[in-house]
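Below, in structure tokens: the form predicted on its own, a single chain.
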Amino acid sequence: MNLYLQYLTALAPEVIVVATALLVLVMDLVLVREKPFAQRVGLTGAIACMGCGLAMVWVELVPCSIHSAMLSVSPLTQWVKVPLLLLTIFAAVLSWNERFTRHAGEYFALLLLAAAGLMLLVSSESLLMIFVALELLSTSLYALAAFDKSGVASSEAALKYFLFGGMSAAFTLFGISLIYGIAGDIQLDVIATRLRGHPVEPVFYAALVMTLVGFAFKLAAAPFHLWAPDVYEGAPTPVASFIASGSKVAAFFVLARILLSAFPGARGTASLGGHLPGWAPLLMVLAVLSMVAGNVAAIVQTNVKRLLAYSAIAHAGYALLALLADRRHALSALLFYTITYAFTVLGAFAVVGVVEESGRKASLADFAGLSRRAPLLSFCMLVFMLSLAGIPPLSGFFGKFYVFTAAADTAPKLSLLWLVVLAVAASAVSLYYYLQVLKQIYAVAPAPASAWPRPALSARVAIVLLAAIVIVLGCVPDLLLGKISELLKSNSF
């Protein structure tokens, strides 16, 4: 087969998504510009969902594999694109009834371009391609965060997001340049080959720190988390949900590829008894700071979106534990955790969006008495909150269980037990602030004259489906974990 045809076949899902973004723009600007806004957003949103659905069908029906200096497309990387596309579809559906912008075509086009950036990110084989995909994703998210023109909060959030993101991108690019100077290449497997058997130069640790800064920013890991609460609160709720879900899955996946594929010999140790330098001690510090800072700060929050932001910081710390586990457990536990967390937090933001439709600001008090006005919606929020807290038999419990078990089983045996104990304690603390939300929903009476809008059918269906996913993956976790383990056994990583 011709090389260019191979590339086109391998990147067909990304091509479909980008073509759909262009089609959405043309449809909105040329054909339906004079139509009522509800029709415009419904049509463009439906086209965006169909484009993502077509890309998912291609991934499932057309297996392909290619490995080059820039891209590595395998059954594993292709499969990871499926939850990313599904998260994009849910984010698009939740945007159908929002009224934060009149620019429907531009909004859905940017959402699709962000999805294309996520897909390219998981297939990238070189550090430069990873950086380009990150910037495509980040640029789209900066613009999406600023789409709500009804107040200054969205513009302020986008500006902070852009400034912090630009700074982190500069650190990442400088780190990549140092790695290139040390290894003489930017391809992940070539870097691993050239560093194997050679003593690690001191400048390599500086390069590693700078490279990790960009990913810590994208993951909202402490101390690079300061943008997250303001962005989650100020950005339109569907955008905040996409930032909290899809970008986390792709960023954790590619971070695992970089550390486990390119720098396996520079791991170091995160145990208290050892002092070997490497990336493991750096991740340990990020994990501890994230778990402590995220959970402590979330306790005092009165706005549910900010509470979810600090919760996301803590969950980034939990997920980092998976990268400290042995290689045979690290990726399977990490993928299961991040994917289940993504669907859960997307559902929680969807409920918040419904509450905001009545003119509320998503404070804890705004959820008072929700169970008496919307029992199904309240039950779904119960599922999401308890899953985030790690209560069985929901998917969040098994996600944490697999991550904590993998970390505790890391050689030397129980060397990371202290970190697992800290994570369990932090998770117990998180139950307090999740229950604060449920207390308002189920135990506090609503205001006498409060009125609740009836959620649109599309939003109700999306929320119920997300809750069903969380429940099913908790009751039958092998549906997801078995597929991940099968792909990892049959594919090199």
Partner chain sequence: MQACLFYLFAALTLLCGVLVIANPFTRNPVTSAMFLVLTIVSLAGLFVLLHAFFLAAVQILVYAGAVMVLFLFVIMLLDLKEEERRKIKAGAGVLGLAAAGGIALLMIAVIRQSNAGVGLKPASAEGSTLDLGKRLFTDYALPFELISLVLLVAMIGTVLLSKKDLK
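Please read these numbers as outputs of a predicted model, since none were measured by experiment. Residue numbers count along the first chain shown, from 1.
Keep in mind that the form predicted together with the partner chain is missing from the display, and what follows is about it.
**Q** I need to confirm a contact call. Of H103, R372, K361, R327, which residue comes within 4.5 Å of the partner chain in the model of the complex, counting heavy atoms only?
**A** Result of the distance check: H103.
**Q** So the partner chain isn't shown here. In the model of the complex, which residue out of A146, A408, L386, L195 has a non-hydrogen atom within 4.5 Å of it?
**A** That would be A146.
**Q** Does the partner chain, in the model of the complex, lie within 4.5 angstroms of each residue among L22, L120 and P202, using heavy atoms as the measure?
**A** Yes, the whole trio is in contact, each within 4.5 Å by some heavy atom.
**Q** Partner absent here, but in the model of the complex, which of 176-184, 78-86, 257-265, 281-289 has residues with a heavy atom within 4.5 Å of the partner chain?
**A** Within 4.5 Å of the partner lies stretch 176-184.
**Q** Residue-level contact is defined here as any heavy atom of the residue lying within 4.5 Å of the partner chain in the model of the complex; does L11 satisfy this criterion?
**A** The answer is yes: L11 has a heavy atom within 4.5 Å of the partner chain.
**Q** Is it the case that V18, even though its partner is missing from this view, gets within 4.5 Å of the partner chain in the model of the complex, heavy atoms only?
**A** V18: yes, in contact with the partner chain in the model of the complex.
**Q** Would T302 count as a contact of the partner chain in the model of the complex, using a 4.5 angstroms cut-off between non-hydrogen atoms?
**A** No, T302 sits far enough from the partner chain in the model of the complex that none of its heavy atoms falls within 4.5 Å.
**Q** Does L5 reach the partner chain in the model of the complex if we count a contact as any heavy atom within 4.5 Å?
**A** L5 lies outside the contact set for the partner chain.
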